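First, one chain by itself in structure tokens, the form predicted alone.
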């Protein structure tokens, strides 16, 4: 890093955030493009109650240029911004904030993180897709799927939450008691935290209903291969690792922050090394 007092800094805030791989991914990309004298990417644990102070600091510090919001700040940050991209408005969450001419502008790149890896293996138009979960990640994923013409169903343990999300995005609901219908879907996406610590030995659905002609995408990226993905592999299904979503939402962020084309393979390599994923 070739930092100076003129360097712009970008901070990822969350609670917790120490596990984030975003700083390593972005800083490696800055070095690759030889702009590590212009940008540095940092992380900071911030409680929801203190997010307002972070936004104030961003307003008054000239070189506090970008803010990445992860759980639990993606919705809360909306109230403090001057402008929000239409896609982020529809999703109802922001994960990327950049300062432009003194104004704080919000975007959401999570939906791209989900759609791009899927479109590398199949067209989404007309595909029957089941999204597991109804939280912030699910919102972005459902939005992206609908934008690409998929037929979207939502399965969530709390039926009311699934129904609310489905109504908002003109999707449908699969009742948790009808899990056997999972076998009828082309694509299944886990947008819950089931599969990560401390739930590494659990799956969000009964894996006995998975089939070999399905695509199973788990947005949990640590561990690299969740129990859901392991069970899907046993059935011969096509699997997509969660780090792919982390990568492509980060690629879109990088380009918003720097105005330059992201060195995708460098960013992928860093993630692979950090997660010890074998190609």
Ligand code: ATR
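Since we're looking at a predicted model, the values are computed, not measured. Positions refer to the first chain, counted from 1.
Only in words, not in the display: the form predicted together with this ligand, which the text now covers.
**Student:** Could you work out which of 145, 191, 174, 88 is the residue within 4.5 angstroms of this ligand in the predicted bound form, going by heavy atoms?
**Tutor:** Selected option: 191.
**Student:** Heavy atom within 4.5 Å of this ligand in the predicted bound form: which of 150, 134, 130, 93 fits that? Just give me the one.
**Tutor:** Selected residue: 134.
**Student:** Out of 111 to 119, 191 to 199, 98 to 106, 79 to 87, where are the residues with a heavy atom within 4.5 Å of this ligand in the predicted bound form?
**Tutor:** Contact criterion met by 191 to 199 only.
**Student:** Would you classify residue 164 as touching this ligand in the predicted bound form, given a 4.5 Å non-hydrogen atom cut-off?
**Tutor:** No, residue 164 is distant from the partner.
**Student:** Counting only non-hydrogen atoms and a 4.5 angstroms cut-off, does residue 184 reach this ligand in the predicted bound form?
**Tutor:** No, residue 184 is distant from the partner.
**Student:** Does this ligand get within 4.5 angstroms of any non-hydrogen atom of residue 123 in the predicted bound form?
**Tutor:** Contact with this ligand, no.
**Student:** So in the predicted bound form, does any heavy atom of residue 180 sit within 4.5 Å of this ligand?
**Tutor:** Heavy-atom contact with this ligand at 4.5 Å: absent for residue 180.
**Student:** For the stretch 151 to 186, I need every residue with any heavy atom inside 4.5 Å of this ligand in the predicted bound form, listed N to C.
**Tutor:** Sequence-ordered list: 156, 157, 158, 161.
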